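Below, in structure tokens: the form predicted on its own, a single chain.
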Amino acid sequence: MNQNTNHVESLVFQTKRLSGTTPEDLNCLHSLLKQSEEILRSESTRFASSLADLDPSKHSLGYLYILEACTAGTISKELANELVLSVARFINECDAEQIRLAPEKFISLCKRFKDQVMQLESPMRGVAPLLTAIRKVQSSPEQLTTLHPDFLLLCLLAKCYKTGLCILEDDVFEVDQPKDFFLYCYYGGMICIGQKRYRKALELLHNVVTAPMSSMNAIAVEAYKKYILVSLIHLGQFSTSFPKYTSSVAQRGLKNFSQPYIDLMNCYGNGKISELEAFVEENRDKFEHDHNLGLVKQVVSSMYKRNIQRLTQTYLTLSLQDIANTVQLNSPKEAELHVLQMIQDGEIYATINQKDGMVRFLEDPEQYKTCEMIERIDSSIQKIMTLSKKLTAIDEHISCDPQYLGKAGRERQRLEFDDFDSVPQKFNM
């Protein structure tokens, strides 16, 4: 017992002595902590009491190793609350440079923290600390860490959609694990749906569907279902054709797992609201089982908008009664509410004469001459130029990578004549 006590006291003393001085001292401390992992776990109770002697902002590396060891076992619901408070405090106060020396330990601790706030059924408590953790463990804003999906999941459960958007604006170029990318885009797409940012949601769900995969996975299947629904809501149409860069596994399998949604798309294309409502009611249990019934109802609602938009391509003026009859709404008042909402959302340009109940459809008033519009266009051009430079740099890096060149060489040897485009045998000179 005395020997173990000495180990605890010695490690705490070395943590204090070697923390926050020079990089060499920190590396020495890191080696010492790695060698002491067995004693840290076996004497976790003793080490837990020693945390009070350490400052999480100054002794972050040692504090991390001890706290991670203390949380490795099974945590009762009674102790979970205390654990959540301790880890949240450490995440907020720890030194980023020190914890990046042991990122796997920090990530392990953060994942246990996420599990505990979910066990306590209080995801809101984990949102801010996990966002802080992501920023501290990232080597750059372009890196997608394994904590990104956990953070977005907590945002979804806590309905903190706006907070989740802050990391979805970052351009991602570095991915640690493919599963992290799938979950990041899937959860991110759901957050954007919650904020009605359908264009961004489509981009993220598209990334899941078209990402490289060697076998079918449940994340891609669920993303494809939502991709169909959001496309109908936002664009009023959906194409079952996949881009060329989509994996053959996805092209062969996704439609088979999403047949009710393909049928919904076909029914939507007919433009008949009564048929669409009947189809939804018939397949209600399937959509409810997938937790997509809310989105399906939005698809039905969007058909009224699409039918109204079609009228703007044919008529200059139309009465509210005629609009209600044409798009199968119950009354002119309901038609007026739909038109007003579409005008407010910028989906159509029109005016309503309250006296005679006539709607006049107008052209898009935007002339693209205002300073604000010019600034937006310039900003988009700058982003595209930056992205182009980044892609060029990545392409050059990959083209010089020995592993890539070796694999490309082996693949090239396997190509047969039929793999190449046909070559004309005769030329007209």
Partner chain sequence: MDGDDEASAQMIDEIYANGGDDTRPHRPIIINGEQLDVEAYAALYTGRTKIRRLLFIADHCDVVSMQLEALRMAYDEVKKGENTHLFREVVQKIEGRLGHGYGPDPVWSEAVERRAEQRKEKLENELNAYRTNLIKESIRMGYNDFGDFYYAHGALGDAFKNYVRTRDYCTTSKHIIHMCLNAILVSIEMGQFTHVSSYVGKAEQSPDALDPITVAKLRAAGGLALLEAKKYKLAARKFLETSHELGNNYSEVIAPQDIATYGGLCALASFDRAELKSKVIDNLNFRNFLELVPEVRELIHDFYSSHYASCLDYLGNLKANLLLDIHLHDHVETLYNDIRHKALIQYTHPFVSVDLRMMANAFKTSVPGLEKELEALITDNQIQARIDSHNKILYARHADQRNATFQRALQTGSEFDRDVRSMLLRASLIKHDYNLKSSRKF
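As the structure is a prediction and not an experimental result, all values here were calculated from the model. Residue numbers count along the first chain shown, from 1.
Omitted here: the form predicted together with the partner chain. The next part is about that form.
- Residue contact check for Asn207: one or more of its heavy atoms lie within 4.5 Å of the partner chain in the predicted complex.
- Contact check for Thr45: no non-hydrogen atom falls within 4.5 Å of the partner chain in the predicted complex.
- Though the partner is left out of this view, Glu363 does reach within 4.5 Å of the partner chain in the predicted complex, counting heavy atoms only.
- The closest non-hydrogen atom of Ser49 lies beyond 4.5 Å of the partner chain in the predicted complex.
- The listed set Lys286, Lys272, Lys255, Lys200 contains one residue whose heavy atoms approach the partner chain in the predicted complex to within 4.5 Å, identified as Lys200.
- When the partner chain is considered in the predicted complex, only one residue from Asp322, Glu277, Glu93, Asp115 comes within 4.5 Å through any heavy atom, namely Asp322.
- Partner contacts here mean any heavy atom within 4.5 Å of the partner chain in the predicted complex, and among 128-136, 175-183, 287-295, 155-163 they occur only in 175-183.
- For the partner-free chain shown, just Tyr245 of 224-255 comes within 4.5 angstroms of the partner chain in the predicted complex, judged by any non-hydrogen atom.
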